[in-house]
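To begin, one chain is listed below as structure tokens, in the form predicted alone.
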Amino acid sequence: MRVRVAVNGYGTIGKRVALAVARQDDMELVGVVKKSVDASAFQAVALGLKLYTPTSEDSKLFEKAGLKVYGTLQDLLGKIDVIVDATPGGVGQQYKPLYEKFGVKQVYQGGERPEVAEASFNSLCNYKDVIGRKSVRVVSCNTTGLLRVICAIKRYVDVERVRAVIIRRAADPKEVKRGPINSIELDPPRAPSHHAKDVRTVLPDLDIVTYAVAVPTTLAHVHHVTLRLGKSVSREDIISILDSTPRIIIINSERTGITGTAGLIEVARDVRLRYDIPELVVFEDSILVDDREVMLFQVVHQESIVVPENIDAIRAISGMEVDPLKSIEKTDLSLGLTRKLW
């Protein structure tokens, strides 16, 4: 029996999660919820998705635009097992009482405060801890990237301390009102940034400090990460660990000629839907190992990295799969994720 899923919010993350759900053979996408009539609403209909609206008043706007509406959010909640809330940050908290009234399980995004859910979630780090929970929060794109590299290494050697500088894109490509900016901005000016605190919602005992700056680009985030390990390792050890971990891609700049985000996106344009890169990309050439200290550069595609985590979160809270690696493998195969982009 397939778990019945709906997505509330059909923006940058919501539309990607919706299509990812539709590709799972153990899930049924019952519908998506949109509040505004825009190009993505017409796209959803063209893809055969069933549109719902927050209220009946919103439905009138869609019907006036010639878009068929199947009901309101409340109508939809009566038909599903799991709701993925991909609404703007803070809105999910407002919807939570309604979700609970209908008894549906909930998956929130990193824009919500951690308290919105019973636990924050990352597939590699704490999948088993959230099995059967009523609600989880998939952490933000940057936090997801940090957790992937930390938990990949933690499977083999203790990670005692993490220091990271996050070089943030100024805005998503479509956000014309926000940027790009003609500056490199401290984000926030007062250290540390919030990302370390968010990592600790999944790994509460980790010693981690993060700084962040915003730069004039829209393509992706870049992290410089320094990890202090519990024992000595070699550079070859770290490369082998990362290369064998799902959802991490190792890029050799000398061999491929790819030295930054533009090169990665150009390759992804040729082989991926919407040039998405849900994997964490680590530049092999940047990996330095000195006894117990590891340093590297990694790339986070902010529009898509959390999408596979949402699918795994649905499986975990639904109790559909108790083995995290089996869920990760199933999700990745369905989404066409491979070890390389070429």
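Counting begins at 1, following the sequence as shown. Since we're looking at a predicted model, the values are computed, not measured.
Unshown form predicted in complex with ligand NAD; subsequent notes refer to it.
Chemist: Thinking of 126, 318 and 322 as one candidate spot, does ligand NAD come within 4.5 Å of a heavy atom in every one of them in the predicted bound form?
Modeler: No.
Chemist: Which of 251, 86, 227, 199 has a heavy atom within 4.5 Å of ligand NAD in the predicted bound form?
Modeler: Answer to the contact question: 86.
Chemist: Just give me the single entry in 174, 161, 194, 155 that has a non-hydrogen atom within 4.5 angstroms of ligand NAD in the predicted bound form.
Modeler: When ligand NAD is considered in the predicted bound form, the option within 4.5 Å is 174.
Chemist: Spell out, yes or no, whether the shortest heavy atom distance between residue 13 and ligand NAD in the predicted bound form is within 4.5 Å.
Modeler: The answer is yes: residue 13 has a heavy atom within 4.5 Å of ligand NAD.
Chemist: Look up in the predicted bound form whether residue 59 has a non-hydrogen atom within 4.5 angstroms of ligand NAD, and give yes or no.
Modeler: No - in the predicted bound form, heavy atoms of residue 59 and ligand NAD never come within 4.5 Å of each other.
Chemist: Give a yes or no for residue 311: in the predicted bound form, does one of its heavy atoms lie within 4.5 Å of a heavy atom belonging to ligand NAD?
Modeler: No.
Chemist: I'd like to know if residue 82 sits close to ligand NAD in the predicted bound form, meaning any non-hydrogen atom pair within 4.5 angstroms.
Modeler: Contact with ligand NAD, no.
Chemist: Thinking of ligand NAD in the predicted bound form, which stretch from 43 to 51, 64 to 72, 28 to 36, 278 to 286 has heavy atoms inside 4.5 Å of it?
Modeler: Comparing against ligand NAD in the predicted bound form, the contact stretch is 28 to 36.
Chemist: Judged by heavy atom distances of 4.5 Å or less, which residues of 83 to 113 approach ligand NAD in the predicted bound form?
Modeler: Sequence-ordered list: 86, 87, 88, 89, 91, 95, 109, 110, 111, 112.
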